[in-house]
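The chain that follows stands alone, in the form predicted on its own, written as structure tokens.
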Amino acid sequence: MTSPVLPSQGRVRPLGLAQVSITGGFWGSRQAVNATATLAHCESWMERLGWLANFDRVADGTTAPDRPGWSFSDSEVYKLLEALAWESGRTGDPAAEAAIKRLTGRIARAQDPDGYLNTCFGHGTQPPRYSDLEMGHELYNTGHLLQAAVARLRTHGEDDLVRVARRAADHVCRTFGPDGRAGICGHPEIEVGLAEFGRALGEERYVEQARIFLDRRGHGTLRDIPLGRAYFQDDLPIREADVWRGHAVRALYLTAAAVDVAVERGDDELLRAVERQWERSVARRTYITGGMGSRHQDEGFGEDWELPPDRAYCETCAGVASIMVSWRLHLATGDVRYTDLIERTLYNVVAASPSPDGRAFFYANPLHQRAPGRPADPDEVSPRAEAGVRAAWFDVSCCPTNVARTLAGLQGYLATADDDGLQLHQYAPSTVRAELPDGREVAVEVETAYPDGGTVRVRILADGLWTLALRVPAWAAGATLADDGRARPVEPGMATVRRAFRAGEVITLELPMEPRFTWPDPRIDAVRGCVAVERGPEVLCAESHDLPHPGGLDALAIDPRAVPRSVRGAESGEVLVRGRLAAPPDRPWAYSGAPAASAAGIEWFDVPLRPYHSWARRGPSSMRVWLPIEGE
């Protein structure tokens, strides 16, 4: 099975690259750009900056104290390898296959005889192995190596990359197993890598080592730091936690591993703990875009309701990790809430990161950009994650490779099967095939312009008696399902059709795509008195390019009595709301004993809103998702 996640049990089974093919549309075009531009772009930057040469220096014994890159730069090579493996498996691209062999050869030469593999520790004058478990990222790097090997194993079979990973995993188990060092990594990732690698190989001991690492965390094993042990999720055992806290990517990678171990061990207590954490974190610590992480200082979660739009961090990697968690929870439980959040995060975090040409990226994803960023130099490394423009590469460039591996394996998140049929969760032009346990073949072809349009046509490709289930998103009140020419209303959740199908029949899901206002919980202080606009799965935003003068965004107020309306024949996704510019006059002190009255401003006019994922594509701009309400 060529799927990024393949649990041994669960309510539904994932379908992978061999069963699902995206054939076009919103995600098909992004997969194509990822394949033709992003993968080579990432390798080129890693070569240019010496991150690949770090492996050569270890192999040649020429490693020096001035090693380029952060301690986790090895992981970017492994994430690129994972993306290449999924791409090779998806399309058979010879360039991807050649890159895999080229990179694997350099990595393999750097591996020590006992399986240890790292370019920042343990060689020459470098610090000793595992001398900085808090911030050294050694086990984190290895975890990404294992995930790359999973992709290769499931799309190609055992080869040199898989053998390198197996030796590295064996080294970790010897060093940190029950009779070894009782340590953990400051950045979770080894846990999810071990669990999935163990599943892919049928090696129970790797899953067991993941469990050992999970149970060690939360007992103050790591040294304390100014940000506190919550930064590492080492402040509280995972079974006792009620919410995600600390560094968002760390928290989410750890949670993904917890779901894996809970499923493989039949550990209902651990699974319930994760479900509890998901529920509160999504309800109180997640942005409307699905973004997670409201604090810049630690790239982390804030307290409940601490969701400032202009200081939103919402790291792209946290969006990827959120999808990893929600997909695992859905496979385990079958609950559609998890695939609803995946859709929101895909369209409003993952899709927002790359530029149309696939060679520049957002790292942070704020919901309010007060001042336009400076144009990024495509030949320079950006030192800032929150620059307000997409950058070709970052000093910490975890996000481009995370986007690359997610897009390359995206079809693995579209559909599932159970003993009686197919479930479609994300809508894209695609074909989906599966064989049920009793030997029945089920197959469909999906035709849709989603998210530009709300019509999803599912053409049956195989005769037989089985069940087809289509996800109706939580926002889609008023959806209808037409079967055999008869339409019926369907509620949010899973709409099912069970009957004897004949090849050529079409089932049509109609999702309402009228733009809608979305109101925040009043406990989110930072956006009280504001409203957002959504259309289908896309969050919309106002951008300074569309206002009468560049500084107008600060003065914008909208009329919530005027229903948002889509623009026919205009750029896809464009919506109009009624607004005006009415900023209070400047004064020498920003505070007063009486409310400030708005100055007479421009008369009411139509304010264009566009999908958030497209912002800053027309050049640096100011932007906001949450729009102040006139009179508030």
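Residue numbers run from 1 along the displayed sequence. Computed from a prediction, not measured in an experiment: that's the story for all the values here.
Separately, the form predicted in complex with another copy of the chain exists; it is not shown, and the next lines address it.
Is every one of Glu303, Leu307 and Arg587 within 4.5 Å of another copy of the chain in the predicted bound form, counting heavy atoms?
So, yes: the whole triplet contacts another copy of the chain.
The unique member of Arg502, Arg498, Arg272, Arg370 whose heavy atoms fall within 4.5 Å of another copy of the chain in the predicted bound form
Partner contact (heavy atom, 4.5 Å) among the options: Arg370.
Tell me, out of Ala98, Ala283, Ala487, Ala182, which residue has a non-hydrogen atom within 4.5 angstroms of another copy of the chain in the predicted bound form.
That would be Ala283.
Would Pro595 count as a contact of another copy of the chain in the predicted bound form, using a 4.5 angstroms cut-off between non-hydrogen atoms?
Pro595: yes, in contact with another copy of the chain in the predicted bound form.
Do Thr125 and another copy of the chain come within 4.5 Å of each other in the predicted bound form, heavy atoms counted?
Close contact is absent here: in the predicted bound form, Thr125 is far from another copy of the chain, nothing within 4.5 Å, heavy atoms only.
Does Gly228 make contact with another copy of the chain in the predicted bound form, using a 4.5 Å heavy atom cut-off?
The answer is yes: Gly228 has a heavy atom within 4.5 Å of another copy of the chain.
Do Met135 and another copy of the chain share at least one heavy atom pair within 4.5 Å in the predicted bound form?
No.
Please determine, with the chain shown alone, which of 201 to 209, 295 to 303, 327 to 335, 126 to 134 has non-hydrogen atoms within 4.5 Å of another copy of the chain in the predicted bound form.
In short, 295 to 303.
Using a 4.5 Å cut-off on any heavy atom, which residues of 506 to 540 would contact another copy of the chain in the predicted bound form?
Sequence-ordered list: Phe517, Thr518, Trp519, Pro520, Asp521, Pro522, Arg523, Ile524, Asp525, Ala526, Arg528, Gly529, Cys530.
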